[in-house]
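Quick heads-up: it's one chain on its own, the form predicted alone, in structure tokens.
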């Protein structure tokens, strides 16, 4: 945590009084802390207390009426290694979810390129309300980390979920994230990762696609970024919105679009991890208007899409190239054949026959084969942990 830069946003809830303890944890760990307070938060804890503990001036508004100085929200956002919003009231949660920028904190959030942690705190009924749940889900889909509220006695006298996560636990969550981030064993390495499905248009409303969510590739890209790599993530249609200062996400729809991004960048990369579930075929012709249903059968002529992984293998110099094989039969032989045919350095196999593996879920079970036909089996794990296994395997290959 030494010299890590924590930007702490404080909103107007009773739990704001606990933030003094959280700041002390950060300062004692060697981190540098700057704080933004919303107008309502000063009713619960004084800016003087926050400034004294953080050893930095407190930011409260876009400009200081006394000095005439402007609070540069863009500079604050770029300064931070991580933005922590705690407590985050239902009101501030809603503003974050819809991008309403009527105070300095929310405006800074909208400029943030660093990871964002949000610790909601509110009364029981507010926390359980469908609107709050929807806002939390939106913020999670946007790539933020939610530190869920805890159960316990609330200021209203009710008891249940709504208490802000305790300062010690918030600190541990941030510490764990930043310490993992500090293992920069991929520093100065450029990596391109493909993830998600591709959608091949039939007409303006229909397409050929698959059930890939992109979760596995996104987790790999984030793990590499946390470990210092400069990552280009080429992401097919997905609800995911990963954020990291070292990660550039390029959204694409079709295999041709994904291929175009790969061709443009492959020569300058050190490593390629091609986990995308690219459609093998696309319609030869795309209808300009929606195809109307009739009594006759419909025949769509399909043509082959470019084989992105094969092209990368044929055009690699000193790069490390890893592909994925999702199989339903003859899994090992098909994966090994792909390894050889596409000139890969390793292939990651997962089978739809394994419970908990495959598209859409939060877990995966993999086997990695290298070009010497050695293999490593891994147990069923969360995709976050699987990403760490894959990146650790890459580290051995890199070294």
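For clarity, every value in this text was computed on a predicted model and none was experimentally measured. Numbering follows the first chain given and starts at 1.
We do not show the form predicted together with a small molecule, though everything after this point is about it.
Colleague: I'd like to know whether residue 169 contacts the small molecule in the model of the complex, with contact meaning heavy atoms within 4.5 angstroms.
Modeller: Close contact is absent here: in the model of the complex, residue 169 is far from the small molecule, nothing within 4.5 Å, heavy atoms only.
Colleague: Even though the small molecule is not shown here, does residue 338 get within 4.5 Å of it in the model of the complex, heavy atoms only?
Modeller: Flag for residue 338 set to yes.
Colleague: Heavy atoms within 4.5 Å of the small molecule in the model of the complex: does residue 178 have any?
Modeller: Although the small molecule is absent here, residue 178 would stay clear of it in the model of the complex, with no heavy atoms inside 4.5 Å.
Colleague: Might residue 109 be said to contact the small molecule in the model of the complex, defining contact as any heavy atom within 4.5 Å?
Modeller: Answer no; every heavy atom of residue 109 is more than 4.5 Å from the small molecule in the model of the complex.
Colleague: Report the stretch among 74-82, 263-271, 232-240, 301-309 that approaches the small molecule in the model of the complex to within 4.5 Å, counting heavy atoms only.
Modeller: Single hit among the candidates: 301-309.
Colleague: Which one, 252, 147, 154, 278, lies within 4.5 Å of the small molecule in the model of the complex by heavy atoms?
Modeller: Contact with the small molecule in the model of the complex is made by 278 alone.
Colleague: Which listed residue (326, 208, 97, 222) meets the criterion of a heavy atom within 4.5 Å of the small molecule in the model of the complex?
Modeller: Of 326, 208, 97, 222, the residue with a heavy atom within 4.5 Å of the small molecule in the model of the complex is 326.
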